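Below sits a lone chain in structure tokens, taken as the form predicted on its own.
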Amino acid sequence: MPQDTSQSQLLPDAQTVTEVQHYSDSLFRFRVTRPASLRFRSGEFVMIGLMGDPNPETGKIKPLLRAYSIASPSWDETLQFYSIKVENGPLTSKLQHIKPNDQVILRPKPVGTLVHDALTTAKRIWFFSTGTGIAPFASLLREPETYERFEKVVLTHTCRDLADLKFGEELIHATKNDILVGEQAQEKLHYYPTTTREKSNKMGRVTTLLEDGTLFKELGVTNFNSINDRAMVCGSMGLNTDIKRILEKYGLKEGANSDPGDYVVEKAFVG
């Protein structure tokens, strides 16, 4: 269950929950206060969690921590996260019950590969995501540098059902009305949601739509290559592997913080 706020002083790196929104039986988002000392780059992740149950033998309680991409930009005054719910999950079975004013643990040591520093500049940037893998792109879409560096910004989001796309729909609306990046987003941002199970306006895995050319045709892209395009990938292990193969077929080379390239994959996060 959520942490009792009366015990907040006992929690290491405790932050206060300020907002919770449930989208379905399997997805929710929440906001927490931001540590005054925290500095991060849009697209990075941190470790967050709750205290676990006492060890039946020793009675000791250890924190349950998982990597969560920060779904808010580096300039935001609070921190947003987007999470799955797993009924028997060690952390999410508890985390899904948090309410405003509850406490969560946040280790303020951000890391990650989905950052602008890992890519060279080009004409277009593609954000490929499945499920909760959209979270780091929720940060990057509201980052001014995204629109300063690229002429076209494409977010693809593939989920099984329509309800799973709600977070992305809200994100696009908020971004295009954002006081900081809204004007540029209205001109440059393109949203491409698909479902794989429930019937919708666009169905199919984004990998299939990439390989058969449907994605490029519908977005008016005729020259996808290592000169014009950069990409970030975050989602299921299958998506990460398949998109990487497709990108390399087009000549794109993987980048890193220490060696910027054409695309990056978030290895530490699986949506």
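Note that residue numbering follows the sequence shown and begins at 1. Please read these numbers as outputs of a predicted model, since none were measured by experiment.
The form predicted in complex with a small molecule exists for this protein as well; it is not shown, and the discussion that follows is about that form.
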### Query
Is residue 207 one of the residues lying within 4.5 Å of the small molecule in the predicted complex, judged by heavy atom distances?
yes
In the predicted complex, is there a heavy atom of the small molecule that lies within 4.5 Å of any heavy atom of residue 242, even though the partner is absent here?
yes
When the contact criterion is heavy atoms within 4.5 Å, does residue 238 count as touching the small molecule in the predicted complex? yes
Margin query: Taking the small molecule as it sits in the predicted complex, is residue 135 in contact with it (heavy atom to heavy atom, 4.5 Å or less)?
Written below: no
Exactly one of 114, 159, 71, 95 comes within 4.5 Å of the small molecule in the predicted complex through a heavy atom, and that residue is 159
Interface check vs the small molecule in the predicted complex: of 197, 173, 99, 109, the one with a heavy atom inside 4.5 Å is 197
Here the chain appears without its partner; judged in the predicted complex, the stretch of 119 to 127, 189 to 197, 72 to 80, 99 to 107 with heavy atoms within 4.5 Å of the small molecule is 189 to 197
